[in-house]
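Shown below, as structure tokens, is a lone chain in the form predicted alone; questions about how it binds or moves come after it.
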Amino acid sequence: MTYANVLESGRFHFRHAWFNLREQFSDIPTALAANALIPFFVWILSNVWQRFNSHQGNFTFEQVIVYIGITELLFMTFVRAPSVSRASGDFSISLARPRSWLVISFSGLVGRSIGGRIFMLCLLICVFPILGTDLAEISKAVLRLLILLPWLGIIQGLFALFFSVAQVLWHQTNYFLLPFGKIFLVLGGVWGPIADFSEPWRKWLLILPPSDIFFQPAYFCVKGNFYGISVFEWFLRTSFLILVLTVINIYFFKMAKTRHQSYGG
């Protein structure tokens, strides 16, 4: 493959991701209705934290509002069943196309993830001042989150791609999506900052991938640094996670393609 072909392929997949990103804004009333309860979740979880954890002094009440808003944003757009079904739906047709189904599905998943997160971020920017957050606090957190969104979109896309490939292999993965999401919800500190957890739970949760996907990015957005690790360490940890997910996806994709063809396509 020549450099020109690689460049043209890269442009195609970038346009595909951009199309899927913009698609998240194609039906704003429906999207608003689907996310209408997010401000309520942020409000109630922030007040629960204020009642039980504010004495620890790791966060102010305003910072916790922003933290929970960002973790809700990241979690609610993490691995969604509609995106998984859409990615796996055209597997048969894609086998006859010159472009890789794996890469096309990945670029679409990344675009939808980033688009959905930008939409929810716009919603939260309007809600945060109503909940009592300072505009300066909001602006700093938003800028930091925008820096992380492309990298987090890659991680999210690889997780969703795994379930898409698995759905091609086993035809039904929806039963696994719910427990998988709930495990990441609990272990990732979506309900409250892991920094407020007691030992030894805090130490073990900080080692696991969910903390790198939800807690650490939200902590960075609020505080301007990661909790207990440097920027390089977080980048290294997430890079290793991306590498592992990439290898797993390629392996299962080859299995899915072989099995699909062996059953007559």
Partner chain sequence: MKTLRLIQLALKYHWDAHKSNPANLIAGVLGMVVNNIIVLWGLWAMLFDGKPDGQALTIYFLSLNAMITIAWGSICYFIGGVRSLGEYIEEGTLEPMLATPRNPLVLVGISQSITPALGDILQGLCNLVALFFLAPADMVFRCILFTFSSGVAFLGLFILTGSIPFFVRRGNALAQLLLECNLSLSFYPTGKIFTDKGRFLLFLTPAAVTGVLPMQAIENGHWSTAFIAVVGAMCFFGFSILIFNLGLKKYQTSSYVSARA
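All figures in this text were calculated on a predicted structure; none of them were measured in a lab. Numbering follows the first chain given and starts at 1.
Separately, the form predicted together with its partner chain exists; it is not shown, and the next lines address it.
Although its partner chain is omitted here, in the predicted bound form none of I154, F162 and I248 has a heavy atom within 4.5 Å of it.
Mapping the unseen interface onto this chain, P82 falls outside it, with no heavy atom inside 4.5 Å of its partner chain in the predicted bound form. When its partner chain is considered in the predicted bound form, L178 lines it closely, a heavy atom lying within 4.5 Å. Contact between I183 and its partner chain in the predicted bound form is found at the 4.5 Å heavy atom cutoff. Proximity of N53 to its partner chain in the predicted bound form falls within the 4.5 Å heavy atom cutoff. This chain is drawn without its partner chain; in the predicted bound form, the residue among L206, A31, I229, L45 with a heavy atom within 4.5 Å of it is L45.
From the list 216-224, 35-43, 58-66, 230-238, the contact stretch for its partner chain in the predicted bound form under a 4.5 Å heavy atom rule is 35-43.
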